[in-house]
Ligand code: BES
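First, one chain by itself: the form predicted alone, in structure tokens.
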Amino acid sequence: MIALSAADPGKSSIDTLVIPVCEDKDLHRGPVADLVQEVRRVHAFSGETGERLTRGQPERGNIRCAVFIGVGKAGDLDAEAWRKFAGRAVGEGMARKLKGVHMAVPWSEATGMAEAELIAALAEGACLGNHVFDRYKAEKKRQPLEKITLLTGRGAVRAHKRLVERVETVCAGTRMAREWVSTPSNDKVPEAFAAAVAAAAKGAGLKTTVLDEKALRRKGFGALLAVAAGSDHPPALAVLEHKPRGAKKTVVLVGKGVTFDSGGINLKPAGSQIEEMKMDMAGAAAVAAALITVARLNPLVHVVGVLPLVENMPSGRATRPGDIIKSFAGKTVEIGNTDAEGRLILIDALAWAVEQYKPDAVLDLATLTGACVVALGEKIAGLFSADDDLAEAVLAAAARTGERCWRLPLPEDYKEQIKSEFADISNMGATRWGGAITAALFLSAFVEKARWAHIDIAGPAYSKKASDYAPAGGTGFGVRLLLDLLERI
């Protein structure tokens, strides 16, 4: 729980107060500023990024413990820096097994940020950092804090109460996506994951439909069924819909949902981190969590979430390299590699959604290619779109939320790489180079009549190590990005 408070640390009794300290600028006023000056003078605290100092019962105020955390130079203090600070502050409280902490909110004019932007960033970092995934551990070593209080002025408390409530709602969606991604594959086979998503969506008031294998076969989802053929667990297509009265735009979100990816017959080789392939449904998790959060925020947009859910396994029934299958759109696809499976389930979901809803825009999120991670690293998603306005809207949302995206090209001549001698198109590029681009071009062939953007989240969807405001495992990347976009699109 996040609360805003105008309590005076010089008079009110506070158990633990966490104070950000800047290297080259005074961020605070009043009693907090006095505490910072004292710690600079007595302990030569500089405020460098990562520097920490804990003082029990400082001389000034009724504070039992003050924790000073360096945030670096003033010129580097953007919204993401404040998210990271808040996450570190919460982490400090969890490490010390506290029930709650207070955070001193800097004077907004000193940070160069609008007060609302600053408070939102601190609340986001605190909410996102206050998360532990220990469902499978007998010993619970870290517990989330029960309460996090942002100390600010009286005017800010009155002005930004609803802002903080919205942040908590959005961050709850991100944590939901994280939990789904970090859950092991044996506990989220396609039918189980579809059921979990449907239950959560219905609980939020969304119209929810789950198409089973028979329905998918009847409707002609040939590409999706080809991926699922090798698994003992049948596929599903979960559809979540938020349709408020008066909505003038329809946006479809499609999330790749491979609950485990072995690579199929093209089994992933040693060193490919196959044990982490439980995360190959991170796109579906982000879309589902975004829709559930949309139901709570209630923007005036018709939003549809489409989740193709499969498990990609090798068996005597599995699709083989060289097979030719027929997609929902009617185009035939030659299977160049069974480990290029995500794009197959996406083309059926995309083509079906465009035909069914005729959306004003359609976006897909997918842990699609290792090539995108090679190009952009583990913290930036690749963005592909032929629509400049839609691409700019996504990039703007990425900048506001700190869920970074970088736009990559869709060059026409690269389509030569996905031509097939025997089918309409191949699911694999002719060379290993530019794999993220050829994957996006493959998808684009099935959304030719729609404004479309593809976000390859293979890098930022999962982290082996904890960061400042996320535990190791699923990051929930994309939830905040999509929600910001939907409120402005």
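Note that residue numbering follows the sequence shown and begins at 1. The structure presented is a predicted model; accordingly, all values stated were derived computationally and were not measured.
A second form of this protein, the form predicted together with the ligand, is not displayed here; the remarks below concern that form.
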inquiry  = Quick check on Ala398: any heavy atom within 4.5 Å of the ligand in the predicted complex?
reply    = no
key: Any non-hydrogen atom of Lys268 within 4.5 angstroms of the ligand in the predicted complex   = yes
message = in the predicted complex, is there a heavy atom of the ligand that lies within 4.5 Å of any heavy atom of Arg343, even though the partner is absent here?
response = yes
query = Is Gly370 a contact residue for the ligand in the predicted complex, using a 4.5 Å heavy atom cut-off?
reply = yes
query = Quick one: of Glu124, Asp261, Asp348, Glu403, which gets a non-hydrogen atom within 4.5 angstroms of the ligand in the predicted complex?
reply = Asp261
ask   = Here the chain is shown alone; which of Leu441, Leu27, Ala458, Ala453 has a heavy atom within 4.5 Å of the ligand in the predicted complex?
value = Ala458
request  = Tell me the stretch among 275-283, 215-223, 202-210, 242-250 that has any heavy atom within 4.5 angstroms of the ligand in the predicted complex.
outcome  = 275-283
Interface residues of 405-435 toward the ligand, as seen in the predicted complex [heavy atoms, 4.5 Å] = Met428
